[in-house]
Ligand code: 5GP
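Quick setup: one chain, the form predicted on its own, written in structure tokens, and binding and motion questions come after.
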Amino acid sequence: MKRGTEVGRGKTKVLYAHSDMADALVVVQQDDITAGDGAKRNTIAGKGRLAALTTSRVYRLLNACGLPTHFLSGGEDEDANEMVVRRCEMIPIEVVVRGVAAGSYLKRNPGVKAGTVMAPRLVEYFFKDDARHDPQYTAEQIVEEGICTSSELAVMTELAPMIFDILAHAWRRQRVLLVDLKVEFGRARRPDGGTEILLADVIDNDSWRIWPAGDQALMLDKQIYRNMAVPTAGDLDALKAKYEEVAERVGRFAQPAGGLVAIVMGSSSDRPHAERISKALAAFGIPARAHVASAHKTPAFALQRVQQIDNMLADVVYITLAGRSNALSAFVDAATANPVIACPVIGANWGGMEVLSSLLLPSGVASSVVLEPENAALAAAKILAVNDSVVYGRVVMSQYRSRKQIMEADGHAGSPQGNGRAGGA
């Protein structure tokens, strides 16, 4: 890494200007571990490398999902404990997302039973001030004290639970429960001179509580250190082994599950609709393969094609395109144990269609889905997302963008320009 001058220092990291990139910083993780706002401190040789490795792997997953983050590169073995990030003006608020009641939350809420599941996720804010032991703040305090604007806080409050859910999904694939998560955000300059909110700082094994099999006694995180009265050399070695395990596990987060969608057309005339589905799937990073088969004219060939697809080394979801009779969908569904989404093609115009198709899961339970090709693609993505955290995250981000568009449209509709009024008295 091309370090320039030191520009900042925290309890466990040092920030340097990047000698070649004015809008970037080099983050160097230190071997220190602290608790009690720095009152308790020890050094574990190699912890900085593990922190950078864990953080970079977490951010690579989040970047692949489309989250707005400051992470650019570095953190892997060849980079030791250094990462390159976008330069941000940090917002001095820790945003804590809780999925399970634990830690300080129980001390502040003695009536709550340990292990209570938080539904929906609980979001809390803490002002970064070691002298005052990071006091809890309300949203109103944050805005009133000018720490950030209400719109910036809204973005942070929207993004934090999404980040939690994506990481919880990644951990759940390894039968590990993400209990809570601490994240921080910063303002980064956009090319147009404005600013944008980015997930920033580190996300390492000091940033969460994680319980394998949902058992607190098996914890792998920093709470082990917090629970140590006076750590011995043996205690710290054992703790380092936990951090090494976590870094290795996090390395599997973004591994693709190898899912694909097989689009089965009843006729080559259905190709425009298949192309719309393929394009929508590409936004989730899901490959699609299109085939033409007929349940009436070529049943033996259609059966052979389904068997060939089923034998591929991939998780497969089928989307069938055929006429109103839905015969092709029923044929494919009877020939495979994999999920089948029926997306009948009724004319060239997809607008204003009634809900006719079914999402058929292996269990045989059916639920209605809208017949737009893009919705068929989304339904397939949700199925494949069960075993793929990148696809899951991209689905979450797709839903977030849809919500954002609706809220922005609502805001425009309520403005003088949007509701047809000229404004004024």
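All figures in this text were calculated on a predicted structure; none of them were measured in a lab. Numbers follow the displayed sequence, beginning with 1.
There is also a form predicted in complex with this ligand; it is not shown, and the following applies to it.
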Interface segment, criterion being heavy atoms within 4.5 Å of this ligand in the model of the complex, picked from 152 to 160, 176 to 184, 286 to 294, 109 to 117: 176 to 184
In the model of the complex, which of the listed residues (270, 333, 82, 206) lies with a heavy atom within 4.5 Å of this ligand? 206
Note which of 345, 265, 316, 102 lies within 4.5 Å of this ligand in the model of the complex, where distance is taken over heavy atoms; exactly one does. 102
Is there a non-hydrogen atom of residue 96 within 4.5 angstroms of a non-hydrogen atom of this ligand in the model of the complex? yes
Indicate whether residue 226 is a 4.5 Å heavy atom neighbour of this ligand in the model of the complex. yes
